[in-house]
Each structure stands twice: as C-alpha cells, then as structure tokens.
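Listed next as structure tokens: two forms of one protein chain, kept apart as structure 1 and structure 2.
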Structure 1
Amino acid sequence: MKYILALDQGTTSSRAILFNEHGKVAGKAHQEFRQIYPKPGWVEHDPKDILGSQVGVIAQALVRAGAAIDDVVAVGISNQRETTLVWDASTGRPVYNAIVWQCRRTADICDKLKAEGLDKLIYQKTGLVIDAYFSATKIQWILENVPGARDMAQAGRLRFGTVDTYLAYVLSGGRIYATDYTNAARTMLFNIHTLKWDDDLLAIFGIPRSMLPEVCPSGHVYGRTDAAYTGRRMDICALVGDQQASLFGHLCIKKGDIKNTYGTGCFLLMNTGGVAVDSKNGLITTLTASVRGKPDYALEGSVFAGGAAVQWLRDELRVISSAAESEKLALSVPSSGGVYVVPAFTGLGAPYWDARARGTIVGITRGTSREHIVRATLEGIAYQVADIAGAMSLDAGTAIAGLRVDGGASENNFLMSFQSDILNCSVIRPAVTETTALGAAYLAGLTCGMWSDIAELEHNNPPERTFTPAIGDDERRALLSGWHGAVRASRL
C-alpha cells in the first residue's frame, strides 16, 4: 500500500493524516498548540510551536497507520490562511511571531485605506474587501514595528510567507520558497486576474518584491523535504489554503459546486468556474486549487458565529452539557415555537456586513423553554448559511443543486436536515469529513501520479448521509420572513 502524507496546519492544532491509495484515512495524529494574546484583539503564534507541533505528529501518524516510511509517496500541506510570518533570509529565523488571521491589530491601517478610497482598486485587483484578516497590513505592521525590519526588507534580506510557505521553507532546509494561488489570493498583494504579485499594491503597502515567494498551482512538485524532519526526503506535491483544500476534498470542481464547513465559524465556497464573479453582496472573490494548470475562481462568504453559538449554549447559557446534546433537545420539540436566535455576537458578515449588530433573541413567550432556545440557535446557524448561499446564488446566477458539508457541527443531524429544508436543496455529508486534509492529499496524489485523474477519486468518499428538504414553500417563506425580522431587530 502507498500513502500520501497530508499535513493540515490549522489555527488551533496541527494534524498529520496518512491517506491510502483509496483515499481512506490510514492513520492520524494531532496536536494543539499555544495561542498568544498579547493585547485585547491581538492573536499570535510562536513559529516554533507551529513547526514543532506539525513535525511532532508526522511520526505518530505513520506509526498509527503501520506504514513504512518508504511507502509515503508525497506530502501535501493545507494551512490556516492569511497568517503572516516574516523571517531573515540568511538565518531562516522569524523576526517576529506569526500574526494570526484573527488578529485585529491593523484595523486602524485598514480604516485609513478605506478613508483613502482604496476599496474599489483593492477589490478589483484582489477580490477582497479591505480587512485586517488579510496578510498585507500584517506585513506592513511588522516592517514598521520590528526594529531594523524596514532596512532589512529594503536590502532584500527578509522573506514573507503564509504558513504553507514557512513550513515548506523550513522542511526543505530553505530550498523551497514558494506558495500556491489559493494562499497568495489571501494576502491582498496578489492580482487574481493576472495571477501575479501586483506592483501597485506592493507600492501602497510599502512591501519590496524581494520579500515575496514564487506562486505556483496548488498541485505542483515544490521540492523535497529534508530527512531531518520527515525521516527521509519526500516530495512536497501540494500547498493549499484550508478552505480551498476542503472545496477540492469535496471534489467541488465544477461551476456551481458549493461546500460549507461548520466549524467555530462557517466557511462557504462556491466554484464559479473560469469566471471571477464580481459580488454585489459583499462576498469575496478568490482562487480555487488546481493541479498544474490555472486555477478557477470561487465566491467565498463566512458566518462569524457557527459552532461558536453552540459553545455559547454550553459554556455561557449552560442549557446543554455537550455540543452533541443540542441535537437531542432540538428534536424534542416540534418547532422553535416562533423563537429566533440571531447569533450576531461579533456583528454580522455577508450579506449584511454590520459590525454593530449584536446577538438577539426574539419571539419569546411564557411557554418558551430551553429546548426552543437550543433549537432556535441551531436554526440561526442554518439561516445565516442560507443568507450567504442565497447571495452566492444571486451573484453567480446559478441555483444551488446540493450543499456539501464538513466540520464539527455538520455531525448534527437536526442542523443538517433544517439546513436542507431552508435551502430547499440536498445537503450531502461525506463519509470522510477530514475534507481539508483529504483535499491536500488529493492534490499531492494527482501531482505525483499516485492517482491519474479526478475520475479515479469520485467513488472514494461516498455520502454517509444525504438530507433532503421536507417542508413546503409556504412554510419556508414564513420561516425566512420571521428570520429576516429577527435580523432587523439584531441591527437596531
């Protein structure tokens, strides 16, 4: 048996998963690592923790799979996107901690860019809305705040990388300095139409070109690891941002294919084929993963509080003792009894983009019980996803035929079935829900020739369960109208 080693470097943990020739998980290991919060709203990772946790789980995954190291034919890396590292080219040593995508420290820089009216130019070139999430302002912050960094950058002595680039650089002993289209597309420095770093943007952010890696398709032979890290030298055959990895893992490769990941937040991506669709609803336009050739485009939208709303029920409201219990309670009542929960804890994202909206419960009566609140909270997650899916469908001019799902909260059968009711389309949950790592493995396996084409992968990961709509149009319309009333209340 031959294997692909997928390294999935996430925001809170690093995972290593060995996939066999049938795309099945043969062994896996994961390790959480430290989150650093130097000030309110700031989030950092120590690069040594990222690297140590990631390298640490490789051997464990191999042992659990009972796999011989010589049977690993390639490595694929998926990663938390946008998180920014800057290191000294001569020593490989980072000049500052990794600034994590969630970090808000550059919100003021972003406000200034917006005040200067740069939104349109930046959207046209990058497909992104100006926000502190993306890497550009984080790099700028490092150059402005780390003593000597600006001079070193001007002298060509610094390198920037997202986590994929940093891992490939270190694992290869400094021989690989590259990234892929999906990660480059999240930096706010990359032109998604020309598929090149953009000189105008580099000038706006004051970032020298010498700091930027070469950009390649996600599936590409990037180079070889150093035996010190992986036991023997292995080909790195894929680098890919986590959400695009998941899209590929679901084999959403055709126009109109759409997936949602139900994690702490929810991430929806819809493949729009060869066309970069301009969003009228505040969605982001981004690039998809490809093997060797040019990438396609996708629309992306996120729900800030997805599974986080379930954590709130458990940890703050304390009406459930585990996330899984929410399903049982929701199913114990026939409806939410007219209650709507809008989990806008940190505002609302697309299509509302209202940072001031706040969590709201409407429709409470004397008969409202915790079961109703729990059910309405799960429904609130599904409604938010439906709002984004609706915006995507409008922007792309494509009806949604079926939503593919993964992530922790996709285990919740009530949530999935309500999602299907409200979207009026099927919701498909695959047997392997490690779709991020699977996507990285597919890309690496197709690149190194372990699989010859995508058709070979189609039967690897059949649906474990498909949910189909069970309510009529009138009921759906009434529910959606109640939801939109509740959203208005959350924005008062």
Structure 2
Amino acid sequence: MKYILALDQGTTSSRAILFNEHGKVAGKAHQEFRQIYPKPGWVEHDPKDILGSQVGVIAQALVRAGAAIDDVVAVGISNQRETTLVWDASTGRPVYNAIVWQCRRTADICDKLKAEGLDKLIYQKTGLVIDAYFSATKIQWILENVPGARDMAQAGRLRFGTVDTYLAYVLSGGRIYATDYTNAARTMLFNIHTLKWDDDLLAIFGIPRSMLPEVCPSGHVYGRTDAAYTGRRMDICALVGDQQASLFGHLCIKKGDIKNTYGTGCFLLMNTGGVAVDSKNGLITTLTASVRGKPDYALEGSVFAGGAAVQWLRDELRVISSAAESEKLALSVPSSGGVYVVPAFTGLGAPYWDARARGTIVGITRGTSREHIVRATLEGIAYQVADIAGAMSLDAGTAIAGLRVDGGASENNFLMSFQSDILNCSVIRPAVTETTALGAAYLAGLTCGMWSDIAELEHNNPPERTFTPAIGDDERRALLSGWHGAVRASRL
C-alpha cells in the first residue's frame, strides 16, 4: 500500500494523516500547542511550537498506520491562513512570534486605511475587505515595531510567509521558498485577477518585494523535504490554505458547490467558477485550489469564533469537561430559554466586519442554567454561519439547497441539526470529516500521479449522515430575530 502524507497545520493543533490509495485514513495523530495572548485581542504562536508539533506527529501517524516512511509517495501541506511569520533569510530564525489570523492588534491601521478611502482599490485588486484578519497589516506591524526589522527588510534580509511557506522552507532546509495561490490571496498583497504580487499594494503597506515568496498552483512539485525532518527526502506536492483544501476535499469543484468548516473559526465557501463575484453583502472573493492551472474563484465568509466558543466553555468558563459533553448538555433542555451567546471574542467577521464587537450573553434570567448557556453557545455558532449563508445567497443569486460540512464541531449532532433548522436546508456530513487534510492529500496525489483525475476520487467519501430541517418558518424567523438583537448588543 502507498500513502500520501497530509500535514494539516491548524490554529490550535497540528495533524499528520496518512491517506491510502482509496482516500481512506490509514493513520493519524495530532498535537495541540500553546496559544499566546499578550494583550486583549492579540493572538500569537511561537514558531517553534508550530514546527515542533507538526514534525512530532509524523512518526505517530506512520506507526498508527503500520506504515514505513518508504511507503509515502508525497507530502501535501494545508495550513491556517493569514497567520504571519517573518524570519531572517540568513539564519532562518523568526524575528517575532507568528501573528495569528485572529489577532486584532492592527485594527487601528485598518481604520486609517479606510479613512484614506482605500477600501475600493484593495477590494478591486484582492477581493478582500480591509481588516486586521489578513496578513498585510501584520507584516507592516512587525516592520514598524520589531527593532531593526525595517532596516533588515530594506536590505533584503527578511522573508515573509504564511504557515505553509514557513513549513516548506524549514522542512526543505531552506531550499523551498514558495506559496500557492490560495494563501497568497489572503495576504491583501496579491492581485487575484493578474495572479501576481501587486506593486501598488506593496507601496501602500511599505513591504519590499524581496520579502515575498514565489506563487504557484496548489498542486505543484515544490521541492523535497530534508531527511532530518521527515526520515527521508520526499516531494512536497501541495501547499494549500486550509479552507480551500476543505473545499477541494469535498470535491466542490463546480459552480455553486458550497461547504462550511467548523474549526476554531467557521469558514463558508462557495465555488463561483471562473467568475470573481463582487460581494455587496460583506463577503470576500478569493481563489480556489487548483492542480497545474489557473484557479477558479469563490465567495467566502468567516466566523472568527466557532469551535473556539466550545473551547471557551471548557477552558475558561469550565462548565464542560470536554467538547463532546456540550452536545449532551444542549440536548438536556428543550431550548436555550431565550438566551443568546454572541462569541465575538476577537470581533465579528463576515458579514459585519466589526473588530471592536465583543462577546455578549443576553436573555439571562434567574432560571438560566449552565445547560442553557452551553446550548446557546452552540446555537451562536450556527447563527453566525446562517448570517454568512444569507449574504452568500444574495450575492450569488441562488438559494442554498445543501451545505457540506466538516471540522471538529461538525461531529456535534445537535449543532448540525440546529444548523439545518436555522438555514432551512440539508446539512451533509461525509464519512471522513478530515476534509482539510483530505483536500491536501488529493492535490498532492493528483500532482504526483497516485490518482490520474478527479473521477477516481468521486466515490471515496460518501455522506455519513444528512440532517434536514425540523422547524417551521415562524419559529425560524423568531429565533433569528432574537439573534440579531443579541448581535446589535455585542456591537455597542
């Protein structure tokens, strides 16, 4: 048996998954790593934690698959997007911690750009709204706040990368310095129409071109790993942002196909084919994964706190001992008792784009219990997804008939059932919910020749369960009205 090794580097953990020739999981391992919060709204990762956790799980996945390193045909890497690393080109050492996509420290920079009237130009070139979410202002912050960084950048001594670029660079011993279209499209520096780094944008943010990697299709032979990290030298045949990897893992390759990933955040993407749809409803336009060719476009909306809200229940409030317990508690009460939880811990993403909104609980009475709070938190995740789905339906001019789902929280049956209720459409959960890693594996496997075409993959991952709506229109409208009132309270 031959395998593709998928390295899925996420916001809170790193995974290694071996997929066999039938696209099935043969072995997997994951390791959580430290989250750093230097100030309210700031989020960082230590690059050593990213690298150490990712390398550390490779051997575990091989052991659990009963496989040898020689059985691995190629490596595919999927990654948390927008998270920004800057390192010294001569030593490979980062000059600062990774600034995570969730971090809001550059909100003031974004406000200044908006005040200067740059919204339209940046959207026209990148498909993105001006927000601290994306990489450009994070790079700018490092250059302006790390002693000596600006001088080093001007001298051509600094390199920028999203996590895919950093991992490929280190794992190859510095021989690979590249990214793919999907990650480049999230930096606010890349023109999604010309498929090139944009000089106008570089000038706006004061970022030298020498800091930027080469950009390639997601499925591409990028180079080889160093045996010191992976046991033997292996081809890296895919780099891809996690959400586009998930879209590809679901085989949402046709116009109108749509999926949502329930990870630390939630990410809803709709394939719009060869047309870059201009959003009128607070969404962004981005690029999809491709193999050896020009990518298609997608509409995307992001929820900043999805699974992170469940982690908050477990780690900060301590009202649950595990994520799985949240489903049991939610089902133990018939409703949330009028309670709404808006988990805007680091602001609200699409369609609101409010960096200053904060987490809010409304509707508490003397009878409110922890079960109500837990249920309302899970419902808050679904409501945020519904807000994005509504905006996406308006932009695309089509109703959403079915939503394909993946990610850790998609295993919560209560959440998936409520999501179907509030969206009024079917929610389709596949047998393999590791679709981010699966997408990276598919891209790498197609690139290296393990699979000859998409048709070979179409029967690999059938639905495990389909959820259908069980409430009426009046109840749905009342629930959404209460939710939107809670959102307004979070933005005061």
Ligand code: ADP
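Small disclaimer: the values here were computed from a predicted structure and weren't measured. Between two forms, the rigid core is defined as the largest C-alpha subset superposing within 1.5 Å. For residue numbers, the reference is structure 1: its sequence is counted from 1.
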property: Number of the structure representing the form predicted on its own; result: 2
property: Core-superposed C-alpha of Ala437 shifting 2 Å or more between structures 1 and 2; result: no
property: Core-aligned C-alpha movement of Gly156 between structures 1 and 2 reaching 2 Å; result: no
property: Did Lys24 shift 2 Å or more between structures 1 and 2, C-alpha, core superposed; result: no
property: Per-residue CA shift, Ala324 (Å; core superposed between structures 1 and 2); result: 5.1
property: Between structures 1 and 2, C-alpha offset at Ala391 (rigid core aligned, Å); result: 2.5
